[in-house]
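Let's start with one chain on its own, the form predicted on its own, as structure tokens.
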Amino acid sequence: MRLKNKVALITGAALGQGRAACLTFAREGAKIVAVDIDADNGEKTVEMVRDQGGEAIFCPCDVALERQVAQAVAEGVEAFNKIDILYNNAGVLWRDRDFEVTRTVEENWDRVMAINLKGPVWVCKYGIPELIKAGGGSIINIASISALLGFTTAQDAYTCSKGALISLTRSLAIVYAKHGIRANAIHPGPVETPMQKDWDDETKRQIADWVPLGRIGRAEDIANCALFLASDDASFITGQEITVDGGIMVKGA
């Protein structure tokens, strides 16, 4: 029960890494404010949390829209009286629309930035005052090894949004440290989630061969790292980046 009596607002909670985080955090005692644009699957996540004995509410929200994020935070506070953890997980990776800069379309670029970067900004804008009221807390931003590596098949909007999220994390860590707020980033490697639905068996085999530990990541791998960062076990850790990639960054090319 490492998160007993804590309230976690988790974006992108409908599927994949977000759903895994909701279930993992709830098992450790947290009350969950599940935020997502996908209402059907978001409600399913809440149902799953409740089925395992936890408490959760669902807040339909497009994180790119400031007013909707403000409403989600307000609903979370109304339901559970406070927020202790902000988990910025919501993101998009569009292989069919996000390319290298010479093929970048402004509309697609702006939408990726709005979700992947502006979303965490709005969550922090409205969530941090609640963390301050609670006496401190933890911010967890999901970045990516794509922010650390160059790939021949580029998704430059995604890559740039995650790189900017690293800088935001560092700024949050310093500015709000005096309030007992910690901010850290996680860089997932390849993780099998609905976002990767286009991976066929051969692609999965190739990715597993690329990873030194010999397998593709699971959503729970990221959630378990986030659990540590959200808990008091990480009370002296802030402004850091933790890479959860099975050894890819150590191996290099």
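One-based numbering along the sequence shown. Since we're looking at a predicted model, the values are computed, not measured.
Although it is not shown, the form predicted together with a small molecule is what the next lines describe.
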### Message
Between the small molecule and Gly16, Cys61 and Asn89, in the predicted complex, does every residue show a non-hydrogen atom at 4.5 Å or closer?
### Response
yes
### Query
in the predicted complex, which of the listed residues (Val77, Ile115, Leu168, Ala134) lies with a heavy atom within 4.5 Å of the small molecule?
Ile115
### Summary
For the small molecule in the predicted complex, the stretch among 154 to 162, 100 to 108, 177 to 185, 122 to 130 with residues bearing a heavy atom within 4.5 Å is 154 to 162
### Task
Report yes if any heavy atom of Pro190 sits within 4.5 Å of a heavy atom of the small molecule in the predicted complex; otherwise report no.
yes
### Contact flag, Ser138 vs the small molecule in the predicted complex, heavy atom cut 4.5 Å
no
### Task
Give a yes/no on whether Glu28 approaches the small molecule to within 4.5 Å in the predicted complex, heavy atoms considered.
no
### Contact test in the predicted complex: Asp38 vs the small molecule, heavy atoms, 4.5 Å
yes
